[in-house]
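Just the one chain here, the form predicted on its own, laid out as C-alpha cells.
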C-alpha cells in the first residue's frame, strides 16, 4: 500500500473538497454537537427512554451507504459501535440530500446527523435523519469494506487503518488498558506507592541487556535509555518507602521476535520485609486478580487450548526442569567448556566462549520454556546469571530467584534482593570482568547504588513483568506486535 502517490480516487475527493468550499461549506468545521454515542442511543431507545419524536444528535464515520433514489440507508460508526441511519430527500431537502450527501460525501467521511430513533421493519434500530452536517472530509479512500486490512506489514505500519477496519483489534487494546488498570488497582489496594524513575540514566542497570545510547549536549554527557527500573526503585526502599511500583517503558537494543520489541512496557514492584517466596504468592494472586477482572474467570482460551491461572501455580527447581527436559544436569558441568561441549553434542548452536550462566539460560529457552503452557514458577537459579539476587542459604552458588512462565514464554522475573553492599560490589566486579571478555550484556558497576546499599536496605523482594506478554496471553495473541499499538518495524 502506498500513501505517497495521489490516486484517481483521492483526486476526485480533492475536487469534492474544492466544491464544498465553493459552496460555502467548511469541510473541517471547528465545532460539532453530540447528545449520544451510537451505543447510548440504541440503549436509550431499547429502554424506552426516548420519545417517538425526540431527536438525538450522533456523530461518526460513514462506513456503509446504500442509495436508492430518493431514500438512502447507511451506517455511521463511533468508538462505541455502529448505528444505521435513514435519509430521505423529503426530510432533508434537495441541497442536503442530493448536493451534499449523494454528490459530495464519500465513505469514510465524518458526519453529524440529527433525528429521532425508530426500529425498521427488519428490526434494526435506526436514526431517521432530519439534519446532516459534514464535520471532516477524508481524502484517502477507505480500505476495502469487506476484507479490511489483513496484511501484517500494512496493519502494523499503518495501525490507524488496522484499528479503523478491524473491531477485534480495537478490543485487544481495550483489554490491554484493563490489564494495566487492574495491575494498578491491585497494587494500590495492597498499599504500594506508584512512582516514576529516570528514563535517561547515566548508568544503565537492573537487567542483562544491551542499551540504547544517547548524548546530552548541554551537559556533554553520555546517557542511556533505561533497560530496567530496578536500581532506582531499590534506592527508594533504602530511603524509607516499603512498597513501591512503576509501570513504564524500558528500552533494550536487542533482536525482534514474537515476544521481543526494542521498547516494551514493564511493571516492577519492590516490597520490603519479604522474600522471593512472598513475591511468588503475591504474583499469582495479582495475576489472578487481573485475569478475573478482564475475563471474569480463571480459565481462558489460548491458541489451541486454554490456560488456567488459578493459584497456586506449580513451583519447580530450574535444575530439575532442565534435567527432565534435556537429560542434562548442569550441576555436573562446573565449567563452561564442558557444558558447551555436551550442548553441541545435542545439536544446540552455541557461540564459542559463552559464559556458563548463559549456557544454562540457553538450555532453559531451548528445552523447557516452550513447553510451559500452564502458569509455572521455575525457582533457584545459578548465581552467575543473577547479579542482583540474594544467595541461597543452602548453596552459595545459587540465588533465591524465580521466573514465571505461561503460554510457552517467560512473563516475569523476581528474586530476594541482594542487600549486602560488599557482596553486591563483588558481583559488579565479576560482571566487569565478563564485559572485558566481550559480554555486551554484562551489568556495569553502579557505585552510587552500592553506596545506597551501604546505608542499609531491609530484606526485600523484587519483581518485574512484561505487560505486553501478559496482554498476549489475555488476548490470545502469539505475537507481541499484536498488542503494541506501534511496534518497531524496519524502514520501508
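Owing to the predicted nature of the structure, the values given are computational and were not obtained by experimental measurement. Positions refer to the first chain, counted from 1.
We do not show the form predicted in complex with the RNA, though everything after this point is about it.
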Given that the RNA is left out here, which of 429, 454, 66, 39 has a heavy atom within 4.5 Å of it in the model of the complex? 66
None of 235, 293, 281, 259 but one has a heavy atom within 4.5 Å of the RNA in the model of the complex; the exception is 259
What stretch, of 331 to 339, 84 to 92, 284 to 292, 300 to 308, brings heavy atoms to within 4.5 Å of the RNA in the model of the complex? 84 to 92
Residue 255: touches the RNA in the model of the complex, heavy atom cutoff 4.5 angstroms: yes
With the partner left out here, check for me: in the model of the complex, does some heavy atom of residue 477 sit within 4.5 Å of the RNA? no
Is residue 149 close enough to the RNA in the model of the complex to count, meaning some heavy atom within 4.5 Å? yes
Answer yes if any heavy atom of residue 71 is within 4.5 Å of a heavy atom of the RNA in the model of the complex; otherwise answer no. yes
Quick check: do 124, 361 and 489 each get a heavy atom within 4.5 Å of the RNA in the model of the complex? yes
Just give me the residues of 188 to 214, first to last, that have a heavy atom within 4.5 Å of the RNA in the model of the complex. 208
